[in-house]
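Only one chain is shown below, in structure tokens, and it's the form predicted on its own.
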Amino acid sequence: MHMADALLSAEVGGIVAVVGAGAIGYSASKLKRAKNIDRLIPLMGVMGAFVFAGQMLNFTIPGTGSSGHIGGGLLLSALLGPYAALITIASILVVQCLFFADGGLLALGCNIFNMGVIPAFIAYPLIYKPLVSRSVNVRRLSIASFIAVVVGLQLGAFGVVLETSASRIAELPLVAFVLLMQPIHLAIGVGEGLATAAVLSFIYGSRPELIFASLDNKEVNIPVRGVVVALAVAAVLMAGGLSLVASQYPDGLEWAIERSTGGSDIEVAGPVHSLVANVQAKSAFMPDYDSKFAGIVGGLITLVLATSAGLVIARLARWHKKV
């Protein structure tokens, strides 16, 4: 569901980017006060790499000629809390945009909002957390994560429609676009919901304290090395192996655009679009993941970026305490 720049006007892209930046700044300020920030930092890095790899595993939607992949926003929120989750998903999207030309640079703010802000600040606190907090067990955890993922993805898909419509530069029939975007992302949401439920159930079975710590915003007082290692191994296997056999069908957004326009490409010429396209062309050293090592490289860069973001925030927190 990574938006391309051709769908957005400079005004809409800029406004949503400001909103996304504000949400990231707010998350960083809240994270500075978190008691468990030191424990969160390695999890932010490895979970960032894990979700990066997971997003490369496009799965086919039967009977549609389309495919989908996980967004990861709800999964990150359930394990890290919403503030660390948003910073981690933003790190993933920045890496994908700048180094792999996956999602437009002008559209980066929209992608952060649709794939990060919505699951972290709407689906997680309003759906997942109330359902799970009543009585945590594997069944409730699975149901809550499944419903939250599906609803969050529906809201994110509708966000794409609204942002595209407000831009008024892509000639997409609004009604047709909505009627294609929502059902295909409902199907994708089912796939992601099942995957998210499986991962959270596994972690709950091995380290339930991580689930409770996120729900209660408390410090994790157990070793997290085992979980970090398991997630790191899974990320390497997905990025270095399974991603090579991922579905080649267009994702839900590309599929909806093709069906709405009859298969014609959407291109926009303008000074802002040309500028960001040139910047992205120079920074993207593996456009469209055109290397069998792209998943490994991207996962490592994401791990470094998300970990570095956590370390900077932790250092700022210590500096403020001294002051």
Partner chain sequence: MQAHIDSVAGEIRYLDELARADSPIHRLSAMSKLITTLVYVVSVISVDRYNISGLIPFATYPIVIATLSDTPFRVLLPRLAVPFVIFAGLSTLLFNRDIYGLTISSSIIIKSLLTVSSVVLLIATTPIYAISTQLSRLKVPQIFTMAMLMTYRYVLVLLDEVALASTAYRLRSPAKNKGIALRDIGSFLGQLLLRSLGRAERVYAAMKCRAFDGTFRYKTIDNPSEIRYIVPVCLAIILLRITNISLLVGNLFLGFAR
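No experiment lies behind these values; they were computed from the predicted model shown. Residue numbers count along the first chain shown, from 1. C-alpha atoms forming the largest set that superposes within 1.5 Å between two forms make up the rigid core.
The following text describes the form predicted together with its partner chain, which does not appear among the structures shown.
A single residue from the set 144, 115, 181, 123 has any heavy atom within 4.5 angstroms of its partner chain in the predicted complex; that residue is 181.
A single residue from the set 195, 187, 127, 213 has any heavy atom within 4.5 angstroms of its partner chain in the predicted complex; that residue is 195. Proximity of residue 158 to its partner chain in the predicted complex falls outside the 4.5 Å heavy atom cutoff.
The closest non-hydrogen atom of residue 151 lies beyond 4.5 Å of its partner chain in the predicted complex. Not displayed here, its partner chain is kept clear of residue 134 by more than 4.5 Å at the level of heavy atoms in the predicted complex. Under a 4.5 angstroms non-hydrogen atom cutoff, its partner chain in the predicted complex lacks residue 139 among its neighbouring residues. Within 4.5 angstroms of its partner chain in the predicted complex, the stretch 4-26 places a non-hydrogen atom from each of 4, 5, 6, 7, 8, 9, 10, 24, 25, taken in sequence order. Comparing the forms between the shown form and the other one on their rigid core, the Cα displacement of residue 9 stays under 2 Å. Residue displacement note: residue 301 has its CA displaced by at least 2 Å between the shown form and the other one (rigid core superposed).
Remark: with the core as the superposition reference, the CA shift of residue 21 between the shown form and the other one stays below 2 Å. The distance between the CA atoms of residue 302 and residue 159 is at least 3 Å longer in the predicted complex than in the form shown here.
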